[in-house]
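One chain follows as structure tokens, the form predicted alone.
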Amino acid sequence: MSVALEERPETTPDRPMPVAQSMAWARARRRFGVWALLLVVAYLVGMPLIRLQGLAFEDGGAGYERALDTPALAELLWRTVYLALGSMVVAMVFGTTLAYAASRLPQRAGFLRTIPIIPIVLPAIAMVVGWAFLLSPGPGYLNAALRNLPWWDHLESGPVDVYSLPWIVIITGFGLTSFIYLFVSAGMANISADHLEAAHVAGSSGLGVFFKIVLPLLRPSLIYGAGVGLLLGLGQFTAPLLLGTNQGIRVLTTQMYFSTSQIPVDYAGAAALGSPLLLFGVLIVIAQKLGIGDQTRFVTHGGKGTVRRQRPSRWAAGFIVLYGLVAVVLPMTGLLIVALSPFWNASIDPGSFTLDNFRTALQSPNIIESIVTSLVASIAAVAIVLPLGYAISAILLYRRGMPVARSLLDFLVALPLGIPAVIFGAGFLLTYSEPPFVLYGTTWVIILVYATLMLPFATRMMTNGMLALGSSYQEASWVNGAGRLKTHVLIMLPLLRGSIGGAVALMFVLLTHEFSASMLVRSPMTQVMGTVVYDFWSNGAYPTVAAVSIIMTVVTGAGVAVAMTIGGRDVLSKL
């Protein structure tokens, strides 16, 4: 009996694993992979926020007590809300009008649809500095020209003050217009031309069609765009810091920065000051859900690409060109003039133009090092977040079961989009200045904060690409015997080339001129291009500021060109 038991086949080590057991191991490995990915994302996104709030509540909430004692706190909050609402309104008006104008462009003028996207490609800090060179009350070039008009010839400065809050709002709104344009354009692509043609046949004018047909059907896109615009407005940092500091105009984000850069440093107070921005973000997301409700109510059939069949209009091309001249050409011209001038004053002397500022910038070790750091950190962050975004999208779309893990993953990935970058910068500064990962002062802390900020963008673009492909390609691959890994490598990745190129372009553009989080995590030995520009701006070296800003623009443009080579010429339209 005992001999018979020793000869049982189950004890033979070379026997193949049963199919059921093999499938169970495969499921266990996949579940382990999902939870491991969730832990990585939770540490990247959640830990900085937990550290911030933990610090604010230490010592019985001492951070909140100091935040409540901030001088003129009510005015600080009012300015923040004013900036967010005002810039959102400016962006909604221009973004929606531009999207409608783009839908009515003649076929031969279709290339003009790229113009509203250009402000995203250009560094925000360069655009703000360019406007300052034009509209500074004293030496601003446009102000000097306006003072030649008869009704302003008695003025010695102005008439426009770019350092005032209304103009900070307008310039911020110009910067947000491109995002609203993208959201509204995507919504307009789903509007059937039959509805618009029916309204025209019924005798409605162009304005009537716009207000009675287009705007109601765009309600989901407008609500979502307004929510995102409001969130971005609440977290604005560049224009308030560069323009508002001159006149003591502070908002929550800049007050947080000064709390962490002044002596004594007050990290707990800064963390408490950022709490209202977190609360606003949650409220706006809830409002978006309530406002949109069932999105299927707003879907019309036969709308894919039908907007392009609308009746072309002459004013459409003129409006887009005019916007491009004001929002892009004017500030870049101001920047170029100062970059070519020995110094900045109200007069323009082409005879004195020189390339010395560019030579000075390119011969400065600090500036060269900041350019290298920006490129290395941006490329490394894109390399990290691209596979992460792909894996997260695949889990959210194709993975069945594990509802808790998938919901947590979806929530964590969306957080960096709703929370201002300056808060993440402060959180990373706290998290990586202490064990177990002491990374402050190295490029790694910049890489990690960049990767975290780009998680929602990478995931969203990958998700959109996978949804467009559907599941038929994967199923065909599996029927032919290919495994999951082989299917993703040989089938999905080549088919997603356009989405990957678009994601690379968007992330590289956003990272090479990232400024808000970089200001918090930088150190004297790890500067990026945006922080170097701010230091020169603070020291009054304006021609050098202009030269470095032009270099930033060229570097960003080169990155976009590479992404267009990878993802195709229409990669910008996928942003």
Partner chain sequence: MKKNLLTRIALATTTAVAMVGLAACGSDEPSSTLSEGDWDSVVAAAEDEGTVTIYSSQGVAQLEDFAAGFKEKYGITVEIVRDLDSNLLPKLDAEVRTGQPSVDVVVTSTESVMQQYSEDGTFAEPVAPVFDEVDVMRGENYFDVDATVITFAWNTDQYGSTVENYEDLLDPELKGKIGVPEPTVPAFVDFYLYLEDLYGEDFSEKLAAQEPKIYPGALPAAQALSSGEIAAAVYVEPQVDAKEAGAPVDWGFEDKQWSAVFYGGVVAEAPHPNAGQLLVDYMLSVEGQSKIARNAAAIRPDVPGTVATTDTVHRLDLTEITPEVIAEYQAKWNDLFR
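Numbering follows the first chain given and starts at 1. Fair warning: this is a prediction, and the values are worked out from it, not measured in the lab.
Below, we turn to the form predicted together with its partner chain, even though it does not appear here.
Assess the spot marked by Ser136, Gln247 and Ile395: is its partner chain within 4.5 Å of a heavy atom from every one of these residues in the predicted bound form?
So, yes: the whole triplet contacts its partner chain.
With a 4.5 Å heavy atom cut-off, would you call Leu510 a contact of its partner chain in the predicted bound form?
Leu510: no, not in contact with its partner chain in the predicted bound form.
Heavy atoms within 4.5 Å of its partner chain in the predicted bound form: does Phe515 have any?
It does not: once its partner chain is placed as it appears in the predicted bound form, Phe515 has no heavy atom within 4.5 Å of it.
Does its partner chain come within 4.5 Å of any heavy atom of Asp535 in the predicted bound form?
Yes, Asp535 sits close enough to its partner chain in the predicted bound form that at least one of its heavy atoms falls within 4.5 Å.
Please run the contact check for Leu439 against its partner chain in the predicted bound form: heavy atoms, 4.5 angstroms, yes or no?
Leu439: yes, in contact with its partner chain in the predicted bound form.
Specify the contacting stretch among 516-524, 546-554, 59-67, 502-510, defined as having any heavy atom within 4.5 Å of its partner chain in the predicted bound form.
Of the options given, it is 516-524.
Within 4.5 Å of its partner chain in the predicted bound form, heavy atoms considered, which of Glu434, Asp153, Asp349, Glu475?
It is Glu434.
Quick check on this chain: which one of Gly401, Pro71, Gly470, Gly110 has a heavy atom within 4.5 Å of its partner chain in the predicted bound form?
Residue within 4.5 Å of the partner: Pro71.
In the predicted bound form, residues of 375-408 near its partner chain [heavy atom within 4.5 Å]:
Sequence-ordered list: Pro387, Leu388, Tyr390, Ala391, Ala394, Ile395.
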